[in-house]
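Shown next as structure tokens: one chain only, the form predicted alone.
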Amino acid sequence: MNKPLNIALAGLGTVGVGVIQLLHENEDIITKRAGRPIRITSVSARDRNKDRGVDLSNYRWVDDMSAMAGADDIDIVVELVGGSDGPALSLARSALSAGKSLVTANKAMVAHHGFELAQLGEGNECTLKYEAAVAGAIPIIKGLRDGAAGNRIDRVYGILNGTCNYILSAMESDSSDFADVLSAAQARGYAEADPSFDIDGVDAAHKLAILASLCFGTKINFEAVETYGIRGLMAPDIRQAAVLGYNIRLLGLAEVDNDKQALFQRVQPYLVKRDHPLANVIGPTNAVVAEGNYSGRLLFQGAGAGDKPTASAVVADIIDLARGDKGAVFGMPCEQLREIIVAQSGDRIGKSYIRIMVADKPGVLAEIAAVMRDANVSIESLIQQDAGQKDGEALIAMVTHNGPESAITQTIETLSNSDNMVDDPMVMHILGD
């Protein structure tokens, strides 16, 4: 039998434990598919004495995880600690510097430091694997890097955060307010005690930056992702979207203008036509669409988080390394990844949904109409109703005709200064075909 692949595993949370369980439960089939046995030889975590429900007695415990990479009996390192910097990044750098390939589920670290780590791996004849960092069990990285390798990808977009998708689809089905659904999601374990990274769009932005680099052959630029979350959504937004024939989904969207050499990246709630595949994705599920010039529209959908789905993706990367797959981290050598300018969102053309909470008195509609006229924004449809919040307030929801986003921005900035506004306006763009 071929020599075993020996692993150092850092991080024994739910995913780390899931990796141990998966390697044990499916040991026979994994060995056959990998062409060699896969063995965990050392582990590390913050609390040595915590009961994790698995037997760790066969593994060497390492208190200083950064030292794991230097052991002679280790072939690869699996990092499941989390965090963009700190111990996780130190371990990643140590492993790749020592010529040990690294498997990680750490989307924040890859989004912030992926290019540096990819270069480090190339220089030391090893590689970085990160299938589990984006969309859980869905083989989106492998599918785009390998399965669609012959295509020019022009646009990639999708539902990249299961927590937000659970909240939005629950608001649709129950007609509940955001705060109530968030509390229920936390009680069921779908949302963290501090859900900021999820509901403010940061988690999805990390994943989008990674996908954009992979799809477009560009250096990761997380800082350029325009990021908006779902905190400002209200139950009336869900209802008005439904009346207009849309569902609301938090989407990450990236597309490249090859003529201008410009890349656009944004995470934001979008209105999605009900006949679009993404509109019908419900619960804590991820779904990603990539548009290739020969493949056409590709849809990847499945469990985007959780211990078992994420562990599945981690083990898939481990099996690849056992087979000797050390391909380019982002689909091509680092020296070929290009710098690209940031596309300006104001130049984008499309329809938008605008929701405004105003004082319910004469002249308000005339003021809104004048502001939109001056910004050259044309209204396709408009609904006014009692806000259901306080007496003397009204909710106005409208959809614009196609136009530049700069005009919408001008409209919102002007309206925000009006004494008739009782809350900040809400803008969501409409996903085009």
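Residue numbers run from 1 along the displayed sequence. Just so you know, these numbers come straight off a predicted model, no measurement behind them.
As for the form predicted together with a further copy of the same chain, it is not shown, yet the points below apply to it.
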**Report entry** Heavy atom within 4.5 Å of a further copy of the same chain in the predicted complex - the one residue of S90, Q301, Q119, N247 that qualifies
**Finding:** Q301
Report summary line: Assert contact residue (a further copy of the same chain, in the predicted complex, non-hydrogen atom within 4.5 Å, options I238, V358, V225, C215) equals C215
Query - Among 170 to 178, 192 to 200, 325 to 333, 68 to 76, the region lying within 4.5 Å of a further copy of the same chain in the predicted complex by heavy atom distance - result: 325 to 333
Query raised in the report: Closest heavy atom of I29 to a further copy of the same chain in the predicted complex, within 4.5 Å or not?
Result: yes
**Report entry** Contact flag, L253 vs a further copy of the same chain in the predicted complex, heavy atom cut 4.5 Å
**Finding:** no
Query raised in the report: Might D320 be said to contact a further copy of the same chain in the predicted complex, defining contact as any heavy atom within 4.5 Å?
Result: yes
Query raised in the report: Any chance P362 has a heavy atom within 4.5 Å of a further copy of the same chain in the predicted complex?
Result: no
Query - Residues of stretch 9 to 36 in contact with a further copy of the same chain in the predicted complex (4.5 Å, non-hydrogen atom) - result: G18, Q21, L22, E25, N26, I29, I30, K32, R33
